[in-house]
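Presented as structure tokens, the chain that follows is alone, the form predicted on its own.
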């Protein structure tokens, strides 16, 4: 390393440069954080250790970045890891400018054996990412970004000037090289807070504070006995973001992964979650200087969302992307604008307590009635209770058969109302609260609830708990079946269903974090099970979520994208663990199946297990 003594003038220039750029950096960061701190609620600090572990995995190991897009993710990791290694070099670089080296010559030389390879890795990584951004240009990255070009150029110059500085340059050339390196670093301080590269600062913070539960919408408590002023204040609050949501907007890296996984966008719809739910709110936040910006969300895009949470699941910087709940509740509660296709649905829920406006249920009449001496409340939900797909009635009966064989007692509620999922997801929080309060009264003496509907399971458990204490446990039927198989309480034989695959319901896999139990059950019945291209927590929505089952006409083909994947997989049987997914598969597979090919069988997990119960086969 060349030894150079810097002049007083150079030190003054360097000091001013550091002072100005640091002041600019701090001002721009604080300008954004000041807005974030105006958000509602506080940042969560529960499960502190788990939050730190998540930061380590997702930030330092780049787990989610690499898993989502391996090659560009790995290239990004090379750049990130290189800059971690480079941190000490940067501090030493500026210390040298003031005549105070942190590392002596021997230490510097030893550390250079680590830094030089990483500098080359960074050049490889940034070169690959630059090619992707400006040459191959994936659509989801959006329009050409000049700042991305500057950043790529700056990083390349930093690495090259560092490598040159480790060679035997003449003092004059070394000094010029040193100043170029210094000015590029200072330019970074100016550029970072004014661009998407602010994620370098905010992403670790955002990932730390990210809620563990999906979805994480603020509950809307409506006190019907409250004063008019209290009601007005509650409605006014609906336009304001939480602290987490505001931090999300400024943390976005604009990678477009949320667009890649969005079923509405993939089906040709309008919804673009990166822009409609995140970036469209960034400038309004800065312009207003407060968090009163949720009304800026594109209304039409908000109604297209299936609320599947795939966008949030895949986000590498910890954003809770989906905000259809926020714009829908504004439209329904504040503006009084309910799309025509949902008006009858809301009226049915208000007048009869169910989505179909029915007063009778032949299925419920055939099943045992719940009493406190029984182990489980068998929650049917509107889909099964009122036969939204008549074929699914058999699935409920098959699950009841499994419980009978296992010797488990159960019964249905005589006065079960809709769990409220459609009203909750479509923004009618008033109706949702009415349904919730009614159901909580009906479940007052229950200790265990089991249901075939993941939407109901999510609402009866996690969503209700946002409003008041829940004193019962909610279990999905696949979890009960999987446990019975593992405990040996039911015996299942291998059946003949051909090639079998499984479609993970969004509410079950992502919101309830259950992916293993259904596979335990299915693998007990077949040796020909295989996974779909997108499975587990990375499943693709069937298109029925977010209340869209009742919106028969939508822009695009959201409801067919997953069905196409099943057809292309050449499965003979597709199994699912959700009544709505079951119905969507039955609607979508037949018209998409090529002529001359056998019809793909749609089954619930309860169907495939019940058909292969050893006790059943022994009695035939």
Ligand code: HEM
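Numbering follows the first chain given and starts at 1. Bear in mind the structure is a predicted one, so any value in this text is a computation, not a measurement.
Although it is not shown, the form predicted in complex with this ligand is what the next lines describe.
Student: Determine which one of 382-390, 518-526, 496-504, 201-209 lies within 4.5 Å of this ligand in the predicted bound form, judging by heavy atom distances; exactly one does.
Tutor: Selected stretch: 201-209.
Student: Of the residues 181, 417, 196, 243, which one places a heavy atom within 4.5 Å of this ligand in the predicted bound form?
Tutor: Of the candidates 181, 417, 196, 243, 196 is the one lying within 4.5 Å of this ligand in the predicted bound form.
Student: Since exactly one of 253, 408, 330, 480 fits, which has a heavy atom within 4.5 Å of this ligand in the predicted bound form?
Tutor: Spelling it out, the residue with a heavy atom inside the cut-off is 253.
Student: Please tell me whether any heavy atom belonging to residue 567 falls inside 4.5 Å of a heavy atom of this ligand, as the geometry stands in the predicted bound form.
Tutor: Output for residue 567 is no: heavy atoms all beyond 4.5 Å of this ligand.
Student: Residue 353 near this ligand in the predicted bound form, any heavy atom under 4.5 Å?
Tutor: Because no heavy atom of residue 353 falls inside 4.5 Å of this ligand in the predicted bound form, the answer is no.
Student: Would you check, heavy atoms only and a 4.5 Å threshold, whether residue 80 touches this ligand in the predicted bound form?
Tutor: Yes.
Student: Contact with this ligand in the predicted bound form for residue 62, defined as at least one heavy atom pair within 4.5 Å: yes or no?
Tutor: Yes.
Student: Using a 4.5 Å heavy atom cutoff, which residues in 125-164 contact this ligand in the predicted bound form? It's fine if the answer is none.
Tutor: Those in contact are 126, 129, 132, 133, 141, 148, 151, 155.
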